[in-house]
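Coming up is one lone chain in structure tokens, specifically the form predicted alone.
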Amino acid sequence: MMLPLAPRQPSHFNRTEMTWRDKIWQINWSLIALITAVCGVGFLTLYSAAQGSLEPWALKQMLRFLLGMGILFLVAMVDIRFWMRHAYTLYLVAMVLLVAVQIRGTVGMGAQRWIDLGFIQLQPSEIMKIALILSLARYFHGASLQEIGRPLFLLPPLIMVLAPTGLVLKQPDLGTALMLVMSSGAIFFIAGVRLWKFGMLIASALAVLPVAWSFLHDYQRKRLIVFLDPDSDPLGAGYHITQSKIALGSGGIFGKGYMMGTQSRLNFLPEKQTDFIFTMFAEEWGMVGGLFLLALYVLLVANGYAIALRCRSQFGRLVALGVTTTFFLYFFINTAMVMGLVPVVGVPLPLISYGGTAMLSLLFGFGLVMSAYIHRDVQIGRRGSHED
């Protein structure tokens, strides 16, 4: 169902025309503090992963954080109507980059997901996560429930979702493809699409599962089999999750201490700086540390949803909800993955796992959330113009 608009503020509180100084005063510093705290945990964990060295991960991640925060503030200062007017352009740019990956992408760890720009390995699928949210928010902005109820009206946004999802699956990157579908589904639901239509799509997806199985790569099939039977291949496809569970369990309540995790320091734990960094953190800080980090994530998500509910425009509300939901999916899937609750799909821990494109795209997304907050009282017309 469509969320109600926030109540109108008094005329003296209207922020349709704001100076840069006004915008700076309206920055949500609690959101900034939470982002910084989560990234700080990441720096400390990457420093530990390198056995007490800033190289090769922590220092680069810090520099990316500084660049990303600059991007966040710059994006936040830009009028939310600018992002609405250029939403489709950003989507097309992301699509071109996804196609470019198929043509001249860099292959790593058996997948073709990156474009080598020299100073950074650009992963277009991470950019598409934010670009897709913007384009869907633009499409559904101002749409009535009668329009959303028509099946033909939903065809263009479905194509916008399925086109990049297909390209991402071809890389292959099942985790990112699932995130694109789930975050888009959240926007469809919030925009007012009825539940029975989701039921039809889910039923259709279940019906084609036998066919989809034949299109999966061998390693993806092994991951699903290992998820159902973890002991079927403990030294092969099941090695990652087996070592992850050992590290999580050995951490106990309070952990082994900072830089004292044996599974990570003895290199039993694979990908400790990326996908399995939560396991390493939990081994060192225990269940208490893991719950503390999850609490930071929950507060960030709650802050993002609170911002969305205060937006008067449907576009700002959908963008804030979409970015926040994507962030939630990141940490939910990653933590569930390393605990063995879902199959291993290669989703990083947001703002903590080592990786440039993921961090920069998320901070860009939070810049959009901040822009929605700063311009929360701006009413936007159907085409992105000001509406009194």
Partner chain sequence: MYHDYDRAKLFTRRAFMLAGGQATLVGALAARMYYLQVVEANKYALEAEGNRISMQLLAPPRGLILDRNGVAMAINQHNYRVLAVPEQTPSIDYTLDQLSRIIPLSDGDRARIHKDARRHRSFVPITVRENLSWEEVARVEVNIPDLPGVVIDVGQSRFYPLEQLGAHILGYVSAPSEADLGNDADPLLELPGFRIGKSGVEKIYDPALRGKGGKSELEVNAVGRVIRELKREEGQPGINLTLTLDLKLQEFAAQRLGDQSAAAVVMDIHTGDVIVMASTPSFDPNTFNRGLSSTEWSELINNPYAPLTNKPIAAQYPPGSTFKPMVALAALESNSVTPDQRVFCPGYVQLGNFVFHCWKHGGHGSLDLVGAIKNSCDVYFYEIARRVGIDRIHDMAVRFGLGSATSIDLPGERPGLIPDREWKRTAMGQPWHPGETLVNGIGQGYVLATPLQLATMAARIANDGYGVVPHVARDAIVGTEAHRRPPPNWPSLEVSHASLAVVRQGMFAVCNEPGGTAYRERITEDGMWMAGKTGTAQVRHITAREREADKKNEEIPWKERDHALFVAFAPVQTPRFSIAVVVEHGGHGGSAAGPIAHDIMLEVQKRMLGIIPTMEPG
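Residue numbers count along the first chain shown, from 1. The structure presented is a predicted model; accordingly, all values stated were derived computationally and were not measured.
Not on display, but discussed next: the form predicted together with the partner chain.
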Legend entry - Contact check for 57, 127 and 150 against the partner chain in the predicted bound form, heavy atom at 4.5 Å: no
Inset, instruction - Can you check 156-164, 74-82, 95-103, 286-294 and let me know which stretch has heavy atoms within 4.5 Å of the partner chain in the predicted bound form? - result: 286-294
Inset, instruction - With heavy atoms only and a cut-off of 4.5 Å, decide whether residue 314 touches the partner chain in the predicted bound form. - result: yes
Legend entry - is_contact(residue 199, the partner chain) in the predicted bound form, heavy atom dist at most 4.5 Å: no
Inset, instruction - Would you please decide whether residue 91 lies within 4.5 angstroms of the partner chain in the predicted bound form, comparing each non-hydrogen atom pair? - result: no
Legend entry - Contact test in the predicted bound form: residue 249 vs the partner chain, heavy atoms, 4.5 Å: yes
Inset, instruction - Check each residue of 131-150 against the partner chain in the predicted bound form and list those with a heavy atom within 4.5 Å, in sequence order. - result: 140, 141, 142, 143, 144, 145
